[in-house]
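As structure tokens, one chain now follows by itself in the form predicted alone.
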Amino acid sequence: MNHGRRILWTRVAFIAGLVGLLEALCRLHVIKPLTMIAPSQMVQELIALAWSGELAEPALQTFIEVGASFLFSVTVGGALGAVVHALPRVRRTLDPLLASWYAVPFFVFYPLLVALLGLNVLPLIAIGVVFATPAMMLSTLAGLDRVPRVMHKVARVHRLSQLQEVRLITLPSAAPHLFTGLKLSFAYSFIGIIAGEFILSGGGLGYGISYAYESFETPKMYALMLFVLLIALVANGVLHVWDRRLARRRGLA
């Protein structure tokens, strides 16, 4: 068994042990049912919600919002990062702002976004974009910083066009950091959308969790929380596997 597989099975064993401990504590009523239900009951409730069709509409709304936020953030964040990297003076001006970006409570701007974009899903998508775009910008800047200067000289010696230089030199050299930007953009988009739905929205998975909490529907609340957690785990797992495959192609893993 290689090192990667040992790490994977260690993670699986840790998660299984934690779930088993929670199951035992809930079944023995060390944790009261009104506080938390057993993981097996969460799974049963989640299956019931999916079977009844009650899960489809909020899940679809959340997926659309996260997908739109993620795609926009990656596109705009990558483009802005490339532009800022080419303009050192602009970068020196923006660096302190980007470093302190996540200290700003962006949810306070929701009324302004509603006034500008209307009472629909667009303000929530805008919040997700605001959360995720700086992560992609910073990762793009970090990736472009690590392209060896000698490689640019090689490109000029071989008279490569700008498009060829980007495709053959810049993107392969910056790929690890760009992929980190993809993962962070997804995470921040997901967090921003779920938190926005929880606090501000009238639909989606975040709203469903909030409504179940306020209605004392503990099983439904934990079932939706489990679904959100599973989405995050699966998405991060897929991105991690993709990252490892790209790393092997580059001979880095």
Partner chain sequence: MSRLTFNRFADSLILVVAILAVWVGLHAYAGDSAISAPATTFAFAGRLLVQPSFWTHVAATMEAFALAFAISAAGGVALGLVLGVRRFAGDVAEPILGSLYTIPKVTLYPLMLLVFGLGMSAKVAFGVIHGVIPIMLFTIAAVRNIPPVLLRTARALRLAPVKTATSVLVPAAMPEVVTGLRVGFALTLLGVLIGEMFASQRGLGFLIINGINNHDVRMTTAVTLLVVIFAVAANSLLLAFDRRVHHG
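Residue numbers count along the first chain shown, from 1. This is a predicted model, so every value here is computed, not measured.
The form predicted in complex with the partner chain exists for this protein as well; it is not shown, and the discussion that follows is about that form.
A residue is said to contact a partner when one of its heavy atoms sits within 4.5 Å of a partner heavy atom; residue 221 meets this definition for the partner chain in the model of the complex.
Not displayed here, the partner chain is approached by residue 93 to within 4.5 Å at the level of heavy atoms in the model of the complex. Contact annotation: residue 46 falls outside 4.5 Å of the partner chain in the model of the complex, judged by heavy atom distances. Among residues of the shown chain, residue 63 is not one whose heavy atoms approach the partner chain to within 4.5 Å in the model of the complex.
Only one segment in the set 73-81, 133-141, 120-128, 98-106 has any non-hydrogen atom within 4.5 angstroms of the partner chain in the model of the complex, and it is 98-106. Residues of 14-52 placing a heavy atom within 4.5 Å of the partner chain in the model of the complex, in sequence order: 14, 15, 34, 35, 36.
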